[in-house]
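Next comes just one chain, in structure tokens: the form predicted alone.
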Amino acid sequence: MGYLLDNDRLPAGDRVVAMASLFDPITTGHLDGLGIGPGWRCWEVGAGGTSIVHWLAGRTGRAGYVLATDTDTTVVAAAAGPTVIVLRHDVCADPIPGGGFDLVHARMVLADIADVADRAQALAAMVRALRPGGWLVVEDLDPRLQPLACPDERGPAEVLANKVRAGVHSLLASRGIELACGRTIPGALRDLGLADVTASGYFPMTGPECAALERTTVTALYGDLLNAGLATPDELDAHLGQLDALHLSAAPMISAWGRKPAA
């Protein structure tokens, strides 16, 4: 898989940190609702950072373990420990790294898989890795559900923010990112035979976390936006300089989960 926003494009994984700050409370709330506890065996697919891996390890305890995989383990390697295994792995191409998991979780993974067949293959691999009764939780953004950076377009700063956001979406789409991925997940889980499929959406409307995510994203794509003619240096500098004064939103995140039926 190729990523427009690889870890090495951002100093110290700034985007990973911003995403964790914004979405971790939602993710851990859903995972907690499944009853995760001591002894569970968990696979964190496309881990990226360490926050969810640490949270899972804290819930599973010494009797369980967490397998954290990614195509780039630069950031998540710091989470390795007695009950956390970190492995470089491509869910689209590599063999399933073990099996019999009580929980498989993937966040912001599917949309980065450009080929529809590869996306289906990745999901099928996650289902195969589950034990009977195990849970698959998949989360991804759906920018097309709400494409605006500032839904309340009250002035020139908000108009500019929406122009920049449109440019970012244009770049993502041109690199094969699926901007309508989130809405497809519940149906995909049902098609794979999971039971008790449930989904919810989280739409962050404003706050410092939204501004932090916007800053890391635009900073990382600054040159790409210029080269594509989607914004000028003056526009990008002005946008970055007024982020804290804006009521910025982030794209909605769709979370869906289902249980592998007993054999």
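One rule holds for the numbers: they count along the sequence shown, beginning at 1. As the structure is a computational prediction, the values presented were derived from the model and not from experiment.
Another form, the form predicted in complex with a small molecule, is not on view; read the next lines as being about it.
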Assert contact residue (the small molecule, in the predicted complex, non-hydrogen atom within 4.5 Å, options Leu189, Val137, Val84, Ile113) equals Ile113
Exactly one of Ile185, Val91, Val104, Ala149 comes within 4.5 Å of the small molecule in the predicted complex through a heavy atom, and that residue is Val91
The stretch from 127-135, 158-166, 91-99, 189-197 that lies within 4.5 Å of the small molecule in the predicted complex, judged by heavy atoms, is 91-99
Original post:
Taking 4.5 angstroms as the cut-off for heavy atoms, does Ala79 touch the small molecule in the predicted complex?
Top reply: no
Quiz item: For Leu145, is any heavy atom within 4.5 Å of the small molecule in the predicted complex, or not?
Solution: no
- Is there a heavy atom of Met108 no more than 4.5 Å from a heavy atom of the small molecule in the predicted complex? yes
Asp70: heavy atom within 4.5 Å of the small molecule in the predicted complex? yes
